[in-house]
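Next up is one chain by itself, shown in structure tokens, the form predicted on its own.
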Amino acid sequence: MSTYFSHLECSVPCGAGPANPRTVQHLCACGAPLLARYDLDAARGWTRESLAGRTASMWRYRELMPLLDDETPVTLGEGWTPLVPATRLGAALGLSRLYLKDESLNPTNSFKARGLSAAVTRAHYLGARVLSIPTAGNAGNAMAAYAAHAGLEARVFMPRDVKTPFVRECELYGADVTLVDGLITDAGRIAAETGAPLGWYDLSTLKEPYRIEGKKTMGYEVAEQLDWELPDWIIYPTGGGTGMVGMWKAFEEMSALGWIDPVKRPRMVTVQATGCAPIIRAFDNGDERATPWEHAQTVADGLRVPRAIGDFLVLRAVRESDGAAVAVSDEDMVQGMLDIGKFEGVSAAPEGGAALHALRTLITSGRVGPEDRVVIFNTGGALKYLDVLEGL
């Protein structure tokens, strides 16, 4: 089956020409993230009806995925996660059309499997032998698993205070783990300082072009699972931001293909922790870029990202969609975990609990109405976070 992957393009753009995907590419020369682009004119012959009967994974959309020639993806069956009609939870909130996209059922128990499947696939075909990643937890687990499946070495750099299950799972897949004093930004600095001279392939968020391509499939799936009628709202917990940016990219691509209404898009809601909310602050201040958050702290490891290289892309998606940016306290996100569990029987990470509380905030403010179709994302499972439930 052919793909329409053609080139890489600066996300700013800065005036640089197309970048060649057949060679190793990380950031543009200007320092901005690169984005994968496709020959959408040629792809218009690819119809959504052709998806019927395809494998239940994110690679069902392979025509618009970063594959070349007859390449086979490095896959563990990621994607095509349930879009659960959250009827009991919706009734409690006064909503008639609430859905929960449950990413905990991906390999390694989180949405990170999508991005790392795509990124490890490209790294493998580009000849990488050693992969390196800074992580707060789930991305490291996913990278280690896909590296093992591809027969590549994995070097994972984590904050020293990361929860033990994240460390042990990386080790389970044979990864070499380095614990770093500080936050994920410090882990990223040390990973780069260590790996660059040795030629390691850097899989940092948005510092390579392909993790976003795996994450964008969440947008394709939501559209397909709702019979190509997009929701009114997507509420998404945001750390590095690849999921938010990826879904917005997916809606642009589907619109160009004629698969969805070219005008109607979901309002995108970015959710962060009150103890680490650089994108929320930038949104509220009207800034195009976020300044680093000092003394970042939250029980949601995936939200403890004091500075995201793609912050301007997240802000662009929120503003272009007339969306919102909501900060949630640790106490409220843990309560959200419990509510998702007791109302719907879904194991939710703190990040998923944060998305639920953000929805409550939007209902209270009157932005979300009772007939709105809303999708909240649970980005991972609760099992690695059971310590936050102690004493409740």
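The structure displayed is predicted, hence computed values, not measured ones. A residue's number is simply how far along the shown sequence it sits, counting from 1.
There is also a form predicted in complex with another copy of the chain; it is not shown, and the following applies to it.
- Site residues 136, 264 and 275 are none of them in contact with another copy of the chain in the predicted complex, judged by any heavy atom within 4.5 Å.
- Proximity to another copy of the chain in the predicted complex, defined as a heavy atom within 4.5 Å, holds among 189, 289, 281, 88 only for 88.
- When you look in the predicted complex, the only residue of 200, 80, 125, 293 with a non-hydrogen atom within 4.5 Å of another copy of the chain is 80.
- Contact with another copy of the chain in the predicted complex, judged as any non-hydrogen atom within 4.5 angstroms, is confined among 324-332, 340-348, 25-33, 64-72 to 340-348.
- Using a 4.5 angstroms threshold between heavy atoms, residue 132 stays clear of another copy of the chain in the predicted complex.
- Shown alone here, residue 105 lies within 4.5 Å of another copy of the chain in the predicted complex, counting heavy atoms only.
- Although the partner is absent here, residue 45 lies well away from another copy of the chain in the predicted complex, with no heavy atom inside 4.5 Å.
- In the predicted complex, another copy of the chain stays beyond 4.5 Å of every heavy atom belonging to residue 19.
- Along 44-65, these residues reach a heavy atom to within 4.5 Å of another copy of the chain in the predicted complex: 52, 53, 56.
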